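What follows is one chain in structure tokens, specifically the form predicted alone.
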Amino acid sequence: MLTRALRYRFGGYDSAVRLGDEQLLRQNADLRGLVVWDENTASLLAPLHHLPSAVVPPGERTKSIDTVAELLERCVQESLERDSTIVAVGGGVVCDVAALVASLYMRGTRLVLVPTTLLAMVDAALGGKTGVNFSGYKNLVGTFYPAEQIFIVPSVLDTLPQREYLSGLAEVIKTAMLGDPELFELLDQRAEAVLAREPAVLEELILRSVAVKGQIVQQDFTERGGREWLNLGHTFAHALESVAGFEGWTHGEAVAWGIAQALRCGERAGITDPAYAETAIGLLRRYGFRCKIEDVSPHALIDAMQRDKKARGGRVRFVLQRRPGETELRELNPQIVRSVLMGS
């Protein structure tokens, strides 16, 4: 595979994304520092096995202050210095936690991310958001700290469970809705190839998603404006994950459900074009996502939304769309939100 590279400037940080095969890592075998894996990724990517490593349990429970403290202690034990490198190999959980550690240790040490899930490749690894869950709320504690380099090796997705692969596709669909109509068409017209993980199609999904997110983040690194659009569906999704105790739903499944709720709320508020809402929800269903649930309390969901990071002055704001590529942040009449959730 030919190496593909994209370069970004996020705030005062340079961040390079490189897509290729394991040769990418062999070319950087002189990295010095600590590799953070989870129990599912520790056997991957042999070129990194010579480095000291820390293995954390997989899953959302790892996104905690306790894990951060344990990894910081490991950095001390390994005598890491400011020019040492923390390398995260794994999905969004590992990338988020290791990046937070890198941002805190000695007020910032070097960071390299090697995402191993589709969700992390197209979303979590790019843009510098770090974070852990706290007090029952999703990503309540975190920093902005982009990786110097992100190495994407699509071949590692061959062993990714189908449910986790689909979780990443939810973020790809979101990205297409935000800023790439050709990607939306690809997802619609070539669903069989997408689901089969055909290498050429997979590479295009990843590169197009990274390009859209990278452009948005460059314009609004610390999420004061347009970057908040990347949270399409996430106000609902994070509430669902919190209420469910971070169990039973993958992040992508929650995001897909959340996108459907945002479209329905927008339609009911007279903002979202009904035909577009129908098309987008239809695409989500085509990939097997649940767009309606009946076993979660709407009142609990609304209560969890009050802690959403986009809330201002106690008022929850939602990312809504009029049509593809036309996105805005709006408050909604609570009755609209409640009625959609009651009927979802």
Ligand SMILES: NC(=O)c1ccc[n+]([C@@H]2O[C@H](COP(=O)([O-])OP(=O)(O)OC[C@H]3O[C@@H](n4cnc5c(N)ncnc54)[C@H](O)[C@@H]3O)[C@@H](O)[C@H]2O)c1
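Each residue number is its position in the shown sequence, starting from 1. Keep in mind that this is a model prediction, so the values were computed, not measured.
We do not show the form predicted in complex with the named molecule, though everything after this point is about it.
The stretch that touches the named molecule in the predicted complex, counting heavy atoms within 4.5 Å, is 118-126, out of 257-265, 179-187, 80-88, 118-126. The named molecule in the predicted complex is not approached by L104, whose heavy atoms all lie more than 4.5 angstroms from it.
At the 4.5 Å threshold, heavy atoms of N40 reach the named molecule in the predicted complex. The shortest heavy atom separation between L44 and the named molecule in the predicted complex is within 4.5 Å. Remark: T272 does not count among the residues lining the named molecule in the predicted complex, judged by a heavy atom distance of 4.5 Å or less. Only one of the listed residues (E253, E164, E228, E203) places a non-hydrogen atom within 4.5 angstroms of the named molecule in the predicted complex, and that residue is E164. Just one of G288, P58, P52, G282 comes within 4.5 Å of the named molecule in the predicted complex, counting any heavy atom, and that one is P58. If you check the named molecule in the predicted complex, you find a heavy atom from every one of K63, N139 and V156 within 4.5 Å.
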